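Only one chain is shown below, in structure tokens, and it's the form predicted on its own.
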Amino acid sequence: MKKVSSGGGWPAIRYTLRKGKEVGGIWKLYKALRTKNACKTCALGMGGQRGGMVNEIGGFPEVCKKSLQAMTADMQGAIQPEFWSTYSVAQLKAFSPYDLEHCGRLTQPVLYERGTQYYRPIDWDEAIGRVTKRLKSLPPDETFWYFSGRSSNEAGFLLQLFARLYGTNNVNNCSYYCHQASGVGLTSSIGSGTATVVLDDVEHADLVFVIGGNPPSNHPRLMTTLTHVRQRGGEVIVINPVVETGLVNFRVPSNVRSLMFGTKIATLYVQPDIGGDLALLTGIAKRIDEMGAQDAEFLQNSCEGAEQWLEQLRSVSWPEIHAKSGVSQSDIDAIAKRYAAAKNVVFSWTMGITHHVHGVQNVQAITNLAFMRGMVGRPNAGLLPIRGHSNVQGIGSVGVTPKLKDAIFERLESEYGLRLPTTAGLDTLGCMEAAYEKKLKMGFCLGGNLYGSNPDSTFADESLSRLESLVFLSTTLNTGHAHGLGEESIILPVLARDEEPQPTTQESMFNFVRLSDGGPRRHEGPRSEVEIIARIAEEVLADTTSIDWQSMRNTGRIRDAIAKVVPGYDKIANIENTKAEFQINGRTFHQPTFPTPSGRGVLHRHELPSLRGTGDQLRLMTVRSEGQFNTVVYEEEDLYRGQDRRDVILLHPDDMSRLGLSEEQIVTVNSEAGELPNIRVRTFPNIKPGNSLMYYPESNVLVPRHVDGLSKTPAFKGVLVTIATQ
């Protein structure tokens, strides 16, 4: 398969036309995308009352391949009843993620019981009855509750409230496997765990860092903003072990100039080794100090620990930085020179930064570098973790964490006369390990693919299979519905966001709360997440709490509760009537005052980790493809990397030669966690020698359960592998 020379462009337009044809016409697809609902994919911030294809600053038309893929998936036909008697669970296990996603929409509850070979359809009363009976029979702390970022604030708030009143704090969301390190790192540095900027700030930056990310594939609408930065004469510095096509050149389809001639994105592209980011960031800071380009006044007046941090920075040797980053002095100097000259700088990053055992330290180091020149706490500059799912941030805001924020805990108890559990609760991987030890009996999953999101998929399969019961609220099938099934597994079909009978809300990565109107259902059978949760809660808790669960089927009542107890969310109470979408107070920092105990930013000192790997070992990063969103595989091909299949390992030509491997050779890839046979070796000059690339979630079998100690985020980007010929 030939690799394209730029991201976006005419291939994106042709793809749009093809997807329109699949769902009955481009006009039908356009109308679906234009409804007043938040986008179903990334958290960049689209849709709501401004209408679909409109961003937070009014830009139109804004649409991307991920939006198209998610929408057309929800517009699929229904899985027919005979499907369940045709395909056994063993056969479903042989389906690829792509195959399962394209089976169709789930429209009826189905049940799998161990000892049988098939799921079987059941009616809603039986499904709800089985769930409530199981919950009533278990001690609450023998259950766990997992949340996807695709659900609404209302569903997330309601389910976490139910779980806590049921009696457990084993409440966690998918962020533990993606950006939890960002939240922990930012909170330790600035007192807030989200972006310090709004979209308009990024539009007016004259330098944007893109660190450890691939927005052309995973957050394509950000490319419009980066194109604007470049067309205004600004710069983009990309730091990534892989040269990604769309970060070199991108053609924004809605921008005639960019579409016709392309836009050069990266003004400087630097390739550290996998795991070398902390050393590189330290090196940039050290060079800024040597140049005398730091903002001494900001460091003295707005930061804690500046003297100690600078002292340590000056003590780190250049040979150590080069050895532990894999980056030359000339590249570090080039970055520092551009940073020193810039007036307004935004630092953005994704999971190439967080998916390491030192992920929190990586985020702290980025924040240190921003502090160094006073690039936090001012307009048009700041920190931007680029988040995935469109409401993963909102789910966290409304209380989906093992430990509630003190303010939410206190307000819930005082407003509603409740007594909430005070146990520590388990993070996501902690729940998996407890299930493996048979300390947990039941899992309740609000969307997502818990199995497919886990490191060490062999362990994940065994862990989940030791549960007595698993409940999934889902729109389509995924690998988690075939692997790691409990003694009893129930899938409850739910409505997509633009099919909800009532309005819901979502929060973007820019702390912007949007209202989604919902819309007509496409299939009979699926139900609203809020309706399902409220009914189960009502039957399980009956009259044991002061919460009127029947009234909580109304999303407006849930928003009233959110407004009372979640800091910064007071405006949500009237959003359905006013249609006034809002920025959450206290999170965007245009002044150098931060919600830390001292009101100042905190600088952190770090020991630099050595690069991993010796001899024939390769550092492996697991990645998503251009045809994929999180664990969902919409297309088998990866257009931007020129790959027509996913069972591959991509290596630099130098490593191919060093290891005696040939193109298309079939090998087994090994790690301490497991092995993956029948993998094709392919030459990939765009990756730095000594490093390798494979596709997630298929390669999860190779990812050990090593986590960042502070955030519990697994090191999906820090895997050591060897290759054995077959």
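So that there is no doubt, residue numbering starts at 1 and follows the sequence shown. None of these values were measured; they are calculated from a predicted model.
Omitted from view is the form predicted in complex with a small molecule, to which the following refers.
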4.5 Å heavy atom contact with the small molecule in the predicted complex for all of Arg221, Val363 and Leu369: no
Location of the small molecule contact in the predicted complex, chosen stretch of 50 to 58, 24 to 32, 662 to 670, 696 to 704 [non-hydrogen atom, 4.5 Å]: 696 to 704
Met432, heavy atom within 4.5 angstroms of the small molecule in the predicted complex: no
Exercise: Asn172 in contact with the small molecule in the predicted complex, heavy atom 4.5 Å: no
Thr588, heavy atom within 4.5 angstroms of the small molecule in the predicted complex: no
is_contact(Gly425, the small molecule) in the predicted complex, heavy atom dist at most 4.5 Å: no
Interface residue in the predicted complex among Thr107, Gln294, Ser192, Thr622, criterion: non-hydrogen atom within 4.5 angstroms of the small molecule: Thr622
Contacting member of Gly382, Gly601, Gly275, Pro385, with respect to the small molecule in the predicted complex [4.5 Å, heavy atom]: Gly275
